[in-house]
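Just the one chain here, the form predicted on its own, laid out as structure tokens.
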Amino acid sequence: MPGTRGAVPVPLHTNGGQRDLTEEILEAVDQHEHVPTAEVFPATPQDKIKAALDRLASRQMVEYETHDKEQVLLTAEGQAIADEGSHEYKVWDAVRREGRLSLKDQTLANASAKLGQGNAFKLKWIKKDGDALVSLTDSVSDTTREQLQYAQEHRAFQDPKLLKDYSKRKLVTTQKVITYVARKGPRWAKEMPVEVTDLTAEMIADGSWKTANFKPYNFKAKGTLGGEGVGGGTGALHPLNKVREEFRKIFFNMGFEEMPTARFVDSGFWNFDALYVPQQHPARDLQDTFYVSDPPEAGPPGSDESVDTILAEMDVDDDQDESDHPPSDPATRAKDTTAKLDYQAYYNNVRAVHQDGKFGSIGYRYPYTDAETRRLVLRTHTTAISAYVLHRLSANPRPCRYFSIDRVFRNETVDATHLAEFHQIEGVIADYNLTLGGLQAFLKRFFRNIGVPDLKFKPAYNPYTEPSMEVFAWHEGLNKIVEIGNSGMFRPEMLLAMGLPEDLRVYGFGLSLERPTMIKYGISNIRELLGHKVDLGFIESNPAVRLDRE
């Protein structure tokens, strides 16, 4: 037997019984050309009404329009005024009845009466006569009460300007109300038709399919993944993720490997000291860096097993003859590499470089403290991971290329272009006898891949690179040259302390992920890209980008 179905009934409870709301709507539409559901079904919740209308509209039996408006509702104080009169009216009425009412009378002792006195004076209903109040008129028009009674009856004021005044006085509030007006649809029928959902062999054999009422396909229905309920949306990639993937493809095409960057919290040693940032540097102040209070400090520098294992999976030893030495698993290779590293010696080298000078450098010549190097911070740059990876490279020095794209944290004032967290794109290239000219040539090639053909370089200062360069390019939208990145060659004091050969040099360069994303998607305020102000419709509707295309 073929599958059949009608509309799923929406029950309507009344007087202890139960009715089918869809049938009630069909009956009302049959009797009236237009059916305002709020008037015909005043006690039925709006969501039930809409569910029934949607089921009928999906079969084109009815059509409906949606109307939403703000209704005025009286507060408890407003309701009391509508029922009993305004504060000023009550004061005037008490004075009128007494003829002369003492200012010390208990009738005037409550807060309502004190408020009413002021308004009654302004309206010239009463005046002060010695130590008493007297009436100035025999009758008054209580406008406040009349206007609130009108609002109570009509759910609105005659003069819309009154809403602001009465809301400010906390006598009324507003509530958004959604109502519907239903009418007959193209396939109107007073009774719910039975629809066939399956085409069977029997129907084809006996010809009944020719007259069967098949349920139409709803090609606008959402998928079954994610979203609300069973029929929710399938989700969408955030613009930052789209641009991030484009950058990853560029890096991979240029022979880079991706560094593991899961450590949001790092020690002061890896985040600052290993990068030759002095312990008195302003970047380490509380106003620039987020420090972690629990746990209060890290242990001494050492290996990270999870990071080492991931790096071991990427390592390729070109000198290894796999026929003679079958490759071990990544965890074993990671342990073999770690065994070649002396973290204590590395720490001592970093201390010496800072405090006394070493490897040809005079250092910063200040008392180096262990407490500062063990402080835990939310990493301020992914270069902390680069330092760890480069130190690991000293176990097997060789040319290599690494990159990372991940979140970093700065204690900055939030505005249209700055957040307390953002994403940093970073690349490092290690090779023998590298030069500054080679770095400039590489950067031109890299930025050409993201659609920036003409670069300008400006000398700059970074604690861990020397020489250092800021990278600028022409911005068509802003019609001026803007900074797009930073770069340099890692200092010998930093690399030699790790145990790397003197002729193995390293390029470093970086930029934010947010700036190119904002440029590509035409976003002027970074808070529209990240945070609670993000428009989900914008997230879902924007396509992926090609950084090398306009």
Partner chain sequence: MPTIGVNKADFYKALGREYTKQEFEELCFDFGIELDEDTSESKRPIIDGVEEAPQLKIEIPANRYDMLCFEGIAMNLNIFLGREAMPNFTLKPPSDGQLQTVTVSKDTERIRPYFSCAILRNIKFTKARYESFIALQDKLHHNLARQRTLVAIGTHDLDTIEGPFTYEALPPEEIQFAPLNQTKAMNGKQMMDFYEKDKHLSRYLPIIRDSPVYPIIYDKHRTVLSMPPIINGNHSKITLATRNVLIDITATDKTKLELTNHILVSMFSRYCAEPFTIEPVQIISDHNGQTRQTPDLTPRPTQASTTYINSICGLSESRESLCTSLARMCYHAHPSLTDSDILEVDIPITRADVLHQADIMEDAAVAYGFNSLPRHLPRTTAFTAAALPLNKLADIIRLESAMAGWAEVMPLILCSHDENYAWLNQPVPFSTNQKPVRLQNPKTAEYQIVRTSLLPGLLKTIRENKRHAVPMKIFEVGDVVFQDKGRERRSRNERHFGACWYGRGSGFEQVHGLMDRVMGMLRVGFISREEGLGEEEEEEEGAKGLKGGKGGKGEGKAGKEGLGYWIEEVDDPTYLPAHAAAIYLRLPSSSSSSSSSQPPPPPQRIGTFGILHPTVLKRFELPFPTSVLEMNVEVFL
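The shown structure was predicted, so the numbers you read here are calculated from the model rather than taken from an experiment. Positions refer to the first chain, counted from 1.
Unshown form predicted together with its partner chain; subsequent notes refer to it.
Novice: Using a 4.5 Å heavy atom cut-off, indicate which stretch of 504-512, 54-62, 27-35, 40-48 touches its partner chain in the predicted complex.
Specialist: Only one stretch qualifies here: 504-512.
Novice: Although its partner chain is absent from this view, report whether Tyr217 comes within 4.5 Å of it in the predicted complex, heavy atoms only.
Specialist: Looking in the predicted complex, residue contacts with its partner chain do not include Tyr217, since no heavy atom lies within 4.5 Å.
Novice: Is it the case that Tyr364, even though its partner is missing from this view, gets within 4.5 Å of its partner chain in the predicted complex, heavy atoms only?
Specialist: Flag for Tyr364 set to yes.
Novice: In the predicted complex, does Met469 have a heavy atom within 4.5 Å of its partner chain?
Specialist: The answer is yes: Met469 has a heavy atom within 4.5 Å of its partner chain.
Novice: Answer yes if any heavy atom of Leu21 is within 4.5 Å of a heavy atom of its partner chain in the predicted complex; otherwise answer no.
Specialist: The answer is no: Leu21 has no heavy atom within 4.5 Å of its partner chain.
Novice: In the predicted complex, do Ala80, Ser86 and Asp159 all put a heavy atom within 4.5 Å of its partner chain?
Specialist: No, because Ala80, Ser86 and Asp159 lack any heavy atom that approaches its partner chain to within 4.5 Å in the predicted complex.
Novice: Counting any non-hydrogen atom inside 4.5 Å, which residue from Thr143, Asn213, Asn411, Thr179 sits next to its partner chain in the predicted complex?
Specialist: Result of the distance check: Asn411.
Novice: Going by heavy atom distances of 4.5 angstroms or less, which of Arg169, Arg183, His238, Lys114 would be at the interface with its partner chain in the predicted complex?
Specialist: Only one listed residue qualifies here, and that residue is His238.
Novice: In sequence order, which positions of 436-456 have a non-hydrogen atom within 4.5 Å of its partner chain in the predicted complex?
Specialist: Sequence-ordered list: Leu436, Gly437, Gly438, Gln440, Ala441, Phe442, Lys444, Arg445, Leu455, Lys456.
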